[in-house]
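Below, in structure tokens: the form predicted on its own, a single chain.
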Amino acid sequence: MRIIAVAMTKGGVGKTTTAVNLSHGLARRGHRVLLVDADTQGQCAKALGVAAEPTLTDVLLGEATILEVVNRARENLDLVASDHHLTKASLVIARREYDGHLALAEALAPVADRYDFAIMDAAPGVDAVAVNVLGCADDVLAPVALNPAALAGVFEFVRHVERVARHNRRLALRWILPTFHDLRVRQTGEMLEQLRTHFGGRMCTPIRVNIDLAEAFGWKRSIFEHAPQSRGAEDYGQLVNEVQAGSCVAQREPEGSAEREFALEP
């Protein structure tokens, strides 16, 4: 099972939107996928219309096994949900004297042979659960919103991943995913070029501004279900290609039109 952490210390960059649509995109292509919500907001269950109990909290507190909290979300796609009680689990993990950083890895071990991919939706910040996500991951996919506030935190996040990688030698920051790509705003293009300069071949095709992505969340569907012909579906389909290939591809040429603005779900 290949574990991919969708993570960034800055919030509001489209982590859940990315985790949900990447997971369903891989599942639609026949891969067995486990989506694990490791964020106290518990948005993955809401995005897919899945019951949120029991949750990852129960597993990390030793009150349930991972097999007992897995919910079928779609064909080939299972979900481990989360909720605000995950904060309690984070405190318990942080108090473990020697192996707190291994709690999530230990929890996932029983299902390692059942899935091709585990996609982890990490919370912003660096609490014990967020560190556990990186501690058990093989790869990091980092969504970066194309705005100055988000870009300012990218390099601190890179250093954070490097620190965790000292303990998890498999961990690699493999993909940088620009989000909120607004073709009408010159500054957005300038920030995209800054990212390309620093990250080169790790850059994924940007996720363009697309109202269908926000609407899909409200209807409890992935973008592939809600608007399969939309730009959002095209962009996340390309991300699925890149994850399957293990690397990123050439960037899209600029276009002359753009869609309405929207805010990605957390």
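The shown structure was predicted, so the numbers you read here are calculated from the model rather than taken from an experiment. Note that residue numbering follows the sequence shown and begins at 1.
The same protein has a further form, the form predicted together with a small molecule, not shown here; the description that follows concerns it.
Contact with the small molecule in the model of the complex, defined as a heavy atom within 4.5 Å, is made by all three of 10, 180 and 208. Proximity of residue 14 to the small molecule in the model of the complex falls within the 4.5 Å heavy atom cutoff. The small molecule is not drawn, but in the model of the complex it has no heavy atom within 4.5 Å of residue 61. In the model of the complex, at least one heavy atom of residue 214 sits within 4.5 Å of a heavy atom of the small molecule. Of the heavy atoms in residue 135, none are within 4.5 Å of the small molecule in the model of the complex. Per the 4.5 Å heavy atom criterion, the small molecule in the model of the complex is contacted by stretch 38-46, the sole one of 195-203, 51-59, 66-74, 38-46.
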